[in-house]
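First, one chain by itself in C-alpha cells, the form predicted on its own.
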C-alpha cells in the first residue's frame, strides 16, 4: 500500500474530525468492568500478567521483542488506521510499547532494580486506561508485521494486552455478552439461536434449493460417522442464506458425507479477539461435538477468525485425543473442482467481480490462490485488488471491532476508509468476502462511502455457477 502523503493524512483526519467521530468514537467501547474500585486495577493487572506468564509461553516472545524492539515506526506504512488518523497513538509499535514497558519494569530484574533505585512506582491506573482505549483501536490484522524489520508481531502483543485486561474484567460488553451466551447460555451459541430455529431455517433452505434448482439437496443434522463436521458462523444461518445454500448445493454436487451438529453448531470463537482461556473452551466444544458424532474431519464455513482458530489452535488445545484435520470450505470447494467432481459454468457471473482476502486466511499465506482459481472458473470479468493476498488491506472490522456497534462511525469512516477506496478503485460491482465479519463490515463501508458494489460470499456465487449432472 502506498503511504498517504502528510497533507493527505491530515486531510483524512480533518474529514473525520468534521464528522465528529474520531474523539467520540475512540473511547466509546462500553467495557464490562467487574470491579469498580479502579485503585485496585494496577495490582490486579500485574497479578493477571504474572499468572499468564507462568502458565503460557508468552514470556519467550516478550523477551525477544524487548531485545530487538527498535520503535522505528516503519510499521506505520502498513497500518491503515494510522494512515487515516495520523495519530501517534495509532502507531503499532507505540501500542506494543505500552505493554512492553510494563513487562520491562515489573518482570525483568533490570526493571525491578531500576524501579527501586529511582523510586519509579511502575504501572498506574491511567496506564491501564490508556491500554484499554488503545488496544481496541487496532484491528489485529497483523499487516504491520510484514513491514517490521525486526519481525515483531504487534498483533500478538495487542492480543496479549487484551487478554490481561479481560482477566481483570475489562472487555467490550458486546464480546462479553456473546461469549457468556456461547459458554453458559441455553442456546450455546453467540447469536442465541435455538436448535428448533436452526432446523426450521435448514428446512426452508432445502425447499428453496428444490424450488430454484430442482435438486434434492439436504442439510443433515446429527449424522454419525460423516466425513465432515460442518461449523459455520451461527449468524450465517440468520443473515447469509445464499452462502449456506451454496454450501448445501456444493455437497449435493460432490456427494460427500457431512453433518451439522445439534449439540454445537457455531464456528465463532471470540476468544481469539481477547482471551486464550475462552479460545480454548470454545475449541473443546468443537472437539466434543466431533467426538460425539464420530466425524473424521472438521470443516469450517466462511469465517476467517473461526478458520484460523480451528486450524492453528485446535491441535494445540485439544490434546486429549488425536486432533482431527481442519479444512476451510474454500479449500474443500477448490479441491472438488480441481479433482473434477465440481462442474462450474464459466459464464455464470458476467459482472466485474473482485475478491477481498480475510486477514486470518491470507496473512499467513494459507488461503490465497485457491479462491482466485475458483472465481476465475466462473467469473470471466475478475478484477484483482492492489495490494492483495498476504498484503491485503484489512476490512477495518478485524480483531472483534465489527461486533462493537457503538464504534461503527470510527471503524467505517476511519479504520475502513482505505478498504472502501480500494474496492471503489477496482470498478467491480460484486466483491466476494468469504468471512462473516468481513461481510458485515464491508457492507457498512459500501453504505458509508457510497460505493456501488455488492458484498457476497464465495458460495453465494458458486451456488449460481454449479452445473448439476
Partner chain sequence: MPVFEAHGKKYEVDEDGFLQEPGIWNDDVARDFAATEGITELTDSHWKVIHYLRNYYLQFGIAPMIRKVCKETGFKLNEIYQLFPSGPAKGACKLAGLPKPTGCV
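Since the structure is predicted, the reported quantities are computational estimates derived from the model, not experimental observations. Positions refer to the first chain, counted from 1.
This next part talks about the form predicted together with its partner chain, which is not shown.
- Note on the interface: of 239-247, 325-333, 345-353, 109-117, the segment with non-hydrogen atoms within 4.5 angstroms of its partner chain in the predicted bound form is 239-247.
- The listed set 268, 144, 374, 138 contains one residue whose heavy atoms approach its partner chain in the predicted bound form to within 4.5 Å, identified as 268.
- 235 is the sole member of 76, 392, 235, 166 with a non-hydrogen atom lying within 4.5 angstroms of its partner chain in the predicted bound form.
- Contact between residue 365 and its partner chain in the predicted bound form is not found at the 4.5 Å heavy atom cutoff.
- For the chain shown alone, residue 85 is not a contact residue for its partner chain in the predicted bound form, no non-hydrogen atom being within 4.5 angstroms.
- When contacts are judged by a 4.5 Å heavy atom cut-off, residue 412 does not count as touching its partner chain in the predicted bound form.
- Proximity of residue 192 to its partner chain in the predicted bound form falls within the 4.5 Å heavy atom cutoff.
- Every member of the trio 173, 177 and 201 reaches its partner chain in the predicted bound form with some non-hydrogen atom inside 4.5 Å.
- In the predicted bound form, its partner chain lies within 4.5 angstroms of at least one heavy atom of each of the following residues of 202-226: 204, 205, 208, 211, 212, in sequence order.
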